[in-house]
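First structure 1, then structure 2: two forms of the same chain, each alone, as structure tokens.
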Structure 1
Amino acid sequence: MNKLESAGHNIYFDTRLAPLAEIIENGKYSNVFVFADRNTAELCLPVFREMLDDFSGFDLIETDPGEENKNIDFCIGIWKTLLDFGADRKCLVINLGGGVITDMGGFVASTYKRGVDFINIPTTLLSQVDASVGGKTGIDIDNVKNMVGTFSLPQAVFIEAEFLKTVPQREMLSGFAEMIKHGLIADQEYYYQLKAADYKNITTAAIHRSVEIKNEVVTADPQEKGLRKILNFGHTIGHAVESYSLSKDKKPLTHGEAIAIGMICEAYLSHKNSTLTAEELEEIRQYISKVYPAYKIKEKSFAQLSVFMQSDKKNEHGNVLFSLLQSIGKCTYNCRVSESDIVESLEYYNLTYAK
């Protein structure tokens, strides 16, 4: 239970980083770097140190927090910092932070001198249940998300519930949306378990199940050629709403809040274009709208949302393709959906909250 094997590496759960010391020792690393943002350097680094018996044999590389800093300028800065520290190919980078840190740190490590080892210690719920598996690294260019990146596997991943203690509730809910998604696309029982439990008290067992589901999907399709697309459920519309909100709203939606909206819309599309029943659609709508705050998708944004969907990097040959539920716990992919159905699904979402 406290270990899960992923492609070529282990994901450890609540081990208090016990296996890390051995990994560092066996790796005979010339240098160890911890990469963190200002928040995780403050809140997570002391916990990290304590777990490792005051281990201090590393240099800290710190960046500014937030998606807006997941960019190439920071990468250049980190590459140069590694060089200034004399880092050679046998160094190790430990990414301690949320998805921004593990994505950007993974990208920097996988390209510094054509690739050095790295270890991920995701410290937000979102990064634990999602960014922890699949080998995706990435950065944004000109605010285009993950426009540049690699597929590169860490040496190991450590998931520690203790780090979540300092994560704000809104960020927890953001990650929780991905867990609901995992249930919806792959495990009906897990979905109902999540619903039955208190979403304010997320257990390591639940995180473990989410990671397991994502791992199974990713292992079956490491290069995102097919099956892996089911992980995009809720994300085609969700990403568009997220981008729109980022550019327009004073207090933009979190990723999970946007995905929650996307899941309701895409459940609607699943009902209209696949085999999801009316009852299942209603079940999903009710539960998600109970957990997540209401949001109004403005009608005048519909055209812009469509543009965002068109430029989604998962598209091929210019078609917008959806992953749709066949039932709660089963998902299919590469589904074409008409423009008018997409608009209907947005209106359906708005009605939900108007009720």
Structure 2
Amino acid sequence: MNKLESAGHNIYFDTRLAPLAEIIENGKYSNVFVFADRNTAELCLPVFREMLDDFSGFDLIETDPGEENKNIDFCIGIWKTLLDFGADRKCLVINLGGGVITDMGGFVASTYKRGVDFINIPTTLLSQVDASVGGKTGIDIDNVKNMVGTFSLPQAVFIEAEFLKTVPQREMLSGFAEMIKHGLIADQEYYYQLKAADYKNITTAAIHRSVEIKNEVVTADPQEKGLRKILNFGHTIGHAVESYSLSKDKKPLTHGEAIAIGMICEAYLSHKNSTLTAEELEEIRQYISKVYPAYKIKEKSFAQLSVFMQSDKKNEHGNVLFSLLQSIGKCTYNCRVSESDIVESLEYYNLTYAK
């Protein structure tokens, strides 16, 4: 269970980075760079070095933490830093951090000198089960998430449970939302296993299953032409709520908190526009609202949320498209939904915590 084969690379689990040591030591790369934010550099870089027997043959590129910094200005700074270090096309970039680091680091590597090799070492639960797997890279524009990016595969992904010891509980819960999503869209039994477990003590086996589900989907559809779109369940509304919160709230929602909102709303849309039963909708609503804190979606924000949804990269021909559940464990995609139904779903979410 310590390795999954993906498209052209391997995803390793709890190997203490032993395969990475072999990659670095084979002499293929002229330079090695580790890209991290300040928090990761403080908390995770020592663990990274210890796993590699105090390896120091790299240059550190450090950035500010937070989704608000996942933008082109920071990328320009990283590109310039690589130039200053004399990085050529034979260098290796190791992205050590959460989803912001793997998204942005992958984008920087895939575009620097038309592309250099990179490796992802996700250090948060969210990045381990989601952002680091699948070959998507991206940055935000005007608080709209991942509007510029590439499909570019890493040379390898290393998932180490030890890094999760550095992750605050709120961030663990953020990643758990993506695990719930994986069960809802593809594996009913896994969804109920997560529900029965203690989300505060997530097992390596559960992480492995989530990565396995995502890997199966993205391997079947690497360019997101069809099946891969099911991974967007909860994200059309969830990303809009997240973007709004980032721009308006003093303490913005985490990605997972926003996706939890999106999953309740889009489960409602699944009941109204697909074949999800009322009983299944209530099951999903009750469970997610039990795990995640309430967030009031203000009615005056509905228009701005609609603008964010209209900018969603999944849309086609001006239509806002959704991935909707047919049942727990089965999902369809490219579903058109009326604006009035979207508003109803937001109102349904607001009523959820009043029930």
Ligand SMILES: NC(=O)c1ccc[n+]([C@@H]2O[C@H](COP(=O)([O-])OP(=O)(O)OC[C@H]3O[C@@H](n4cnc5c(N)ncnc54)[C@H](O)[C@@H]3O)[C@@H](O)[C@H]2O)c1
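Here the rigid core means the biggest group of C-alpha atoms that line up within 1.5 Å when the two forms are laid on top of each other. Every value quoted in this text rests on a predicted model; they were computed, and no experiment measured them. Structure 1 provides the reference sequence; residues are numbered from 1 along it.
Checklist line | Structure that is the form predicted alone (1 or 2) | finding: Structure 2.
Notebook entry, point to check: When you overlay the rigid core, is the Cα of G27 off by 2 Å or more between structures 1 and 2?
Noted result: Yes; G27 is a residue whose C-alpha shifts (by 2 Å or more) between structures 1 and 2 when the cores are overlaid.
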